[in-house]
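The data below hold one chain only, encoded as structure tokens and taken in the form predicted on its own.
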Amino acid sequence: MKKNSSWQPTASLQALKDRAVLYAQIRQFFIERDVLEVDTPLLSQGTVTDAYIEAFKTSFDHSCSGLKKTLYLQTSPEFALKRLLASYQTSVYQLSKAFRHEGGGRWHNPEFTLLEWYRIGFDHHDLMDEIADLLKHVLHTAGTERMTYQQAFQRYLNVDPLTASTARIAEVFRQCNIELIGGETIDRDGMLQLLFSYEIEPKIGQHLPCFIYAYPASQSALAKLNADDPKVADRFELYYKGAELANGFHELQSVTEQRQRFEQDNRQRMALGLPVKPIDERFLASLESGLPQCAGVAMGIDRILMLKHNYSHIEQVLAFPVERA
């Protein structure tokens, strides 16, 4: 009889040791900067409204109210961390699990490790500087590159994503022969996101980590609009050697605007035939009480570990990926 090996870990003992060292390096980095490590719930009564992110959910049958409640596994600790920021006005970070209800692959497992931190008094450029310091600390990188979203499209696709007509964007999209599933329809932002993923992302950050910033305002639900150009928001993403490593924002502080963006997300979900998600009223209440001016970022730590030690697949750095959990 063939032995069942599915009980065994996919990561080597050395990979587990590598992870422990990386966690220690990250914690030391933030200790030296006086950023407080905190712990927030993995289960929440609220979740993200983003049409492109799905959360795992479960039924909680023992609520104090006596009624069943739907709880969601966090896709990121963002809302809870911002509630702490509004309460205590101090910079914080969290190193913990996060969950997204989507398929796995080379760079992704539905349960993954996320490092998220918020720096009071920083804007997104200050935070990119600090991320560059962290990468130097843990990956020994020689520096980073920065390019606006607009510059990336102009350089690699010869089209301006901010001013080109939707017809022109659609023309470039057709020329790139990106296949859609079945009769799927796609809007302007959807085309831009796929063009970036297929035509730009593989070409950037191959030698040095590359920050892409100044994303279209329509793709930046939690970021401030740029003070000089409202067509773009103060958002950035970080790419290195084929992996998206981080997504960061100069954080939106207006509760009115944030509610409007959540409502717009849900309208988009309805248009796409997706279930409407509950708006996290506790998070909005924290904004109303006063979120300090800050910048924040979420970074995929499994991917950092892969790059640090030249692992080729995320299963090599996870004790038990979803198929063996």
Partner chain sequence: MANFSTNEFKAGLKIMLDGEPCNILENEYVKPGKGQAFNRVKIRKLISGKVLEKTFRSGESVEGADVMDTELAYLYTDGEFYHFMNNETFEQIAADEKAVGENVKWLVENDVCTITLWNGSPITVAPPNFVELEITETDPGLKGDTAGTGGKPATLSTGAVVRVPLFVQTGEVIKVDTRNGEYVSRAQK
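Numbering follows the first chain given and starts at 1. Owing to the predicted nature of the structure, the values given are computational and were not obtained by experimental measurement.
One more form of this protein, predicted in complex with its partner chain, exists but is not displayed; see below.
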Task: Stretch in contact in the model of the complex with its partner chain, which is absent here, among 136-144, 89-97, 245-253, 205-213 (heavy atoms within 4.5 Å) - done: 245-253
TODO: Check, residue by residue, if Asn226, Leu238 and Cys294 all come within 4.5 Å of its partner chain in the model of the complex, counting heavy atoms only.
DONE: no
Task: Proximity of Asp129 to its partner chain in the model of the complex, heavy atoms at 4.5 Å - done: no
TODO: Indicate whether its partner chain has at least one heavy atom within 4.5 Å of a heavy atom of Ile120 in the model of the complex.
DONE: no
- [ ] Flag Lys231 as yes or no: does it have a non-hydrogen atom within 4.5 angstroms of any non-hydrogen atom of its partner chain in the model of the complex?
- [x] no
- [ ] With heavy atoms only and a cut-off of 4.5 Å, decide whether Ser197 touches its partner chain in the model of the complex.
- [x] yes
TODO: Check each of Arg168, Arg174, Arg155, Arg106 and return the one that places a heavy atom within 4.5 angstroms of its partner chain in the model of the complex.
DONE: Arg106
TODO: Using the arrangement in the model of the complex, list in sequence order the residues of 153-179 with any heavy atom within 4.5 angstroms of its partner chain.
DONE: Ile178, Glu179
